[in-house]
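Each of the two blocks below gives one form of the same protein chain as structure tokens; they are labelled structure 1 and structure 2.
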Structure 1
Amino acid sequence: MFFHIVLERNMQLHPRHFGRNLRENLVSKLMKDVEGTCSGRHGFVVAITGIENIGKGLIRDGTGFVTFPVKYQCVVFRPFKGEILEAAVTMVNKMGFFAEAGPVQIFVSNHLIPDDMEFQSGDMPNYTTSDGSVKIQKDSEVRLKIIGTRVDATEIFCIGTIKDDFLGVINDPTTA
């Protein structure tokens, strides 16, 4: 799920950036440092939407660096257990399939794929129903439910299922 929240960060700035463009330098450094990173608490920072407040800078003893506490608004993405997500399938194998929803990697094991879908190996491995009406292969879009998440320093891993009602393939790349 996406959230729009305010976060705070202490930015260290080298004196070479002081001067007329101090604020711009600070903001661009913040964007470079924070956008695309992940934290356990908030998930992935997708984009910074605005700066709320930049506090007074404190000069560090011993070095000339100055620390500014910056409060900024940003959009974050964090999956939750029980959430329903749409994801794109990236890899299909005999154990299940891997899907991606933005920066999040989701694994759906074959235990959590409906029993009537069987694995077909080949140069385009896929899961297909016995009558061939539904097929899950690379680049298919699926709706799945998250049953577990784990946040790392840089990545978020999720376990998903499509065994419940209204879950499964949304879009078949071959017919689209």
Structure 2
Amino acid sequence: MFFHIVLERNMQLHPRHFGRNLRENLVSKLMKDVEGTCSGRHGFVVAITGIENIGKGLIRDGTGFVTFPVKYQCVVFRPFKGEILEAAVTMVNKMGFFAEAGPVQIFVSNHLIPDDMEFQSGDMPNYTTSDGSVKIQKDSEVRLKIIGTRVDATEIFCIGTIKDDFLGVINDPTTA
């Protein structure tokens, strides 16, 4: 799920960046440091949408660096248990398959794949139905349901299932 939230961060800036472009330098450093990162509490920072406030700088003793408190608005992505996502399959093995939905990696165990699908090994490993009509392989797009999440300080891991109504393959790369 995507959220638009306000976050704060203390930014350190080298004295060579002071001058007329101080604000622009601070904003570009903030975007470079924050966009694409993950905090376990808020999720993945997708984009900074605006700067609310830049506080007064505090000079660091001995270094010359200045620390600015910056309050900014951003869009974050945080998956939740029970959420339905569309994801691209990145790897298939006999234990299940891995898929990615944006920055989140999701594992779907073979126990959470419908019983009529069998693992087929070979040069392109896949899960195929007995009649061969549906195939899950690398680069397939699947709709899945998140049944569990584990949050670390800098990463979010998910477990998913396709063993439910309206879940499964939505785009097979071999038929495209």
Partner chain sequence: MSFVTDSPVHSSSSDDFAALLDAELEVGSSGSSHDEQDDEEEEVDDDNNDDDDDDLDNQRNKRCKTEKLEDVEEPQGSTSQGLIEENIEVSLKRDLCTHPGSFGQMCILCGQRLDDESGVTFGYIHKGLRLGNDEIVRLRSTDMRNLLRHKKLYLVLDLDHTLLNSTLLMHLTPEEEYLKAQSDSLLDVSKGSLFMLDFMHMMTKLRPFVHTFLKEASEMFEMYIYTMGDRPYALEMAKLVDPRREYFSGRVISRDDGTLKHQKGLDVILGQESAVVILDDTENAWMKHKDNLILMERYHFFASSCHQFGYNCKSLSQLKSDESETDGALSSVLKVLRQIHHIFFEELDSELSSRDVRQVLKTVRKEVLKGCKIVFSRVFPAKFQADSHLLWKMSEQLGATCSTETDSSVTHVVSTDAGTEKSRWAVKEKKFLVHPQWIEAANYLWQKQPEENFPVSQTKNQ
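The structure displayed is predicted, hence computed values, not measured ones. For numbering, take structure 1's sequence and count from 1. Think of the rigid core as the biggest set of C-alphas that the two forms share within 1.5 Å after superposition.
Only structure 1 is derived from the form predicted together with its partner chain. The Cα position of G40 differs by less than 2 Å between structures 1 and 2 after fitting on the rigid core. With the core held fixed, I146 shows a CA shift below 2 Å between structures 1 and 2. Taking the core as the fixed frame between structures 1 and 2, we note the C-alpha of E155 moving 2.6 angstrom.
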